[in-house]
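One chain is shown next in structure tokens, namely the form predicted alone.
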């Protein structure tokens, strides 16, 4: 059994191409594992209460519950349209308030957390001294860089009274006008990193095989999720951390805060085949930064048409002979080459190039090749069955 935890969305403006690129990368990994005969348990969270969500709801004069539910449903529909294998457990943070509060309470009891004006913070120094984690283990960043990223990505390093400016919030005591839950800690709601730590421990064996997300989660999110888990369980959170590159649009990183997002649902509503969107993304290597353009999508639409034309040329004679007496070996060279390409750091661009090359040489499509494209790349090509 292999376990994978991929950090989910904060559902207030889903799903842009950057999101899709992350989830398609880990979908490719899961497909590779399944193809190799592994049992896979996949968990993903949804941060369905957080400051950006509450701010968007207030701006648009809508109930935050309704906004979160609407955007979560849109995200899941987008993933389905893109052919992403769904998680075994898709867990909203609002479902986990009591377990999260109990975990924070445990850290308080062991002096690995402390209260500050009602809020609860993680004591990074104490955790580093008493658990198999030291601040910086996962991010490998210097303190100055951590401080800058903490301020940029939801931390509060300037807050007076913290034992260390980098200590992250575990529990936010109730504020007027904000949602809160009554728990062993009193009324409030969780910090960001503790939710993923608790959800991972509840639904997966620790350490998980892979903890995944975008590169912008390396610090502080994955760093402190690892710290919280080590402090709570005495074990590392993950055997391997994997991160996707950033997707830009019109020269800047695609970001909801910048407003330069390109939504999957807009393309689908306009009639774009979701398989073409998937192909456009898989043509980029998951670890590299890249820019979304209209030309990328146009190239993917053309590629999909070529692949479909190739697949549909499976003759009735070939199909009939295979249904009666399948050959012992069916196009092993290209199928094995696709498999090896993806096994090499999920090199979907290489796998796509192999298929393009086979088509260009006139090599006929076979059922095995088309099934491999479906299983490993998630592109289901239509062909004539007899």
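Model, not experiment: these values are computed from the prediction. Residue numbers count along the first chain shown, from 1.
Another form, the form predicted together with a small molecule, is not on view; read the next lines as being about it.
Although the partner is absent here, residue 377 is not a contact residue: none of its heavy atoms lies within 4.5 angstroms of the small molecule in the model of the complex. Interface residue remark: residue 8 is counted as part of the site for the small molecule in the model of the complex, having a heavy atom within 4.5 Å. Among residues of the shown chain, residue 47 is one whose heavy atoms approach the small molecule to within 4.5 Å in the model of the complex. For the chain shown alone, residue 274 is not a contact residue for the small molecule in the model of the complex, no non-hydrogen atom being within 4.5 angstroms. Annotated contacts: 19, 22 and 246 all touch the small molecule in the model of the complex [non-hydrogen atom within 4.5 angstroms]. Note on contacts: among 112, 101, 200, 217, the single residue with a heavy atom within 4.5 Å of the small molecule in the model of the complex is 217.
For the residues 85, 311, 254, 74, the 4.5 Å heavy atom test against the small molecule in the model of the complex is passed only by 254. Only one listed stretch (292-300, 181-189, 115-123, 208-216) carries heavy atoms within 4.5 Å of the small molecule in the model of the complex, and that stretch is 208-216.
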